[in-house]
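This document starts with one chain, in the form predicted on its own, laid out as structure tokens.
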């Protein structure tokens, strides 16, 4: 594995960082939190993203994409995470697209590349992310399937055009694409409105034809679901670590500028130690996340374990940085007027979505054979 960015990837990162510095300032994020022109700001950012063809970054050219890969998508996800960017990119490109692609389908990928379709992935039930716990039913009806059940914590569930749903038939789980118009999506009040969540109810929704990505009982079902979840999970980890890095950089700058007893607070040994711990946590989580991205890109057999380790490290990093970043900012870190809390809330949200640190540590232990495996662990 080559762990160094190519010249093209470096250029993509620099370009994305420059664009987002002006297209997604803290005032835009604040507008989403305060619901003051928040929707217009997020829509304008999405228009900018689409204008740069970023939704099609990792899609093949025959579907209107740019023909790049998972690593390039990760570069962009990282930059979006640094600025806590709102919008449907994360759900569409790192959840919907991998599920469709893992199933060997091209359903609506050209529309995603054109920026005219958004999507998401509906897996969780009652806050549990393991597909083995799925109770949403898929029953054969004619030449199609009837779905019924409830999915929780669906990112962009109330705004996406299409939803890939994991539902269980008598022979096992399957993957189905359901149009948003046929579900009842209830927005959930969450910590971070830049990552909107919804509870999605499917009341006897019928799915036919190419909307059936993988039928229950298909031998490829488990592999497709696992790969799609791994790609979505590692991208969430990468985004979370990027947000944590922005918290660290802001905290380090504050520790250098804030004076107490006639000297910067960053010169005190206790503060230095905490900053060093934060730096190591970010670097460790970042290295694990990028290694996991490469296992996805190269279809490496170590992918499931690498993803579990990356997500658990990202969760630990989020917990440490959200605590110490807030405390080292002192009283100003608790104020609504300070922009720090946008990143703190994104980091905590990223830890919880697609399984928290404890869930993925347990998954890693099972994959390494340290504890007996049991499908559906939460």
Partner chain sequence: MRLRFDPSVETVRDEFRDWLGANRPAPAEMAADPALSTGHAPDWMRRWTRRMFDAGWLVPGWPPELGGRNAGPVETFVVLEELARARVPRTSNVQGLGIVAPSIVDYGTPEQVRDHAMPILRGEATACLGMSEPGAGSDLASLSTRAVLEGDPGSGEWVIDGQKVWTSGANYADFCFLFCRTEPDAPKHRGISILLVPMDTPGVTVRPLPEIVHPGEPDLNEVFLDSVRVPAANLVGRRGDGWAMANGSLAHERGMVWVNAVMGLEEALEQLVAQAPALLAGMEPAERALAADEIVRIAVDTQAARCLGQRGFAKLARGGSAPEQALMKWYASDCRQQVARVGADVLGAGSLESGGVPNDGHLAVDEPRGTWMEQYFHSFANTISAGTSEIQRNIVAEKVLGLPRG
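Since this is a predicted model, take the numbers as computed values, not measurements. Positions refer to the first chain, counted from 1.
Heads up, the form predicted in complex with its partner chain isn't pictured, but that's what we're talking about next.
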{"item": "In the predicted bound form, the one of 57, 353, 45, 32 near its partner chain [non-hydrogen atom within 4.5 angstroms]", "value": "353"}
{"item": "Option touching its partner chain, based on a heavy atom within 4.5 Å in the predicted bound form, out of 52, 66, 326, 28", "value": "326"}
{"item": "In the predicted bound form, segment of 203 to 211, 96 to 104, 304 to 312, 157 to 165 with a heavy atom within 4.5 Å of its partner chain", "value": "304 to 312"}
{"item": "Residue 197: touches its partner chain in the predicted bound form, heavy atom cutoff 4.5 angstroms", "value": "yes"}
{"item": "Contact of residue 217 with its partner chain in the predicted bound form (heavy atom, 4.5 Å)", "value": "no"}
{"item": "Its partner chain contact at residue 143 in the predicted bound form, heavy atom, 4.5 Å", "value": "no"}
{"item": "Contact of residue 127 with its partner chain in the predicted bound form (heavy atom, 4.5 Å)", "value": "yes"}
{"item": "Within 85 to 114, the residues that have a heavy atom no more than 4.5 Å from its partner chain in the predicted bound form", "value": "none"}
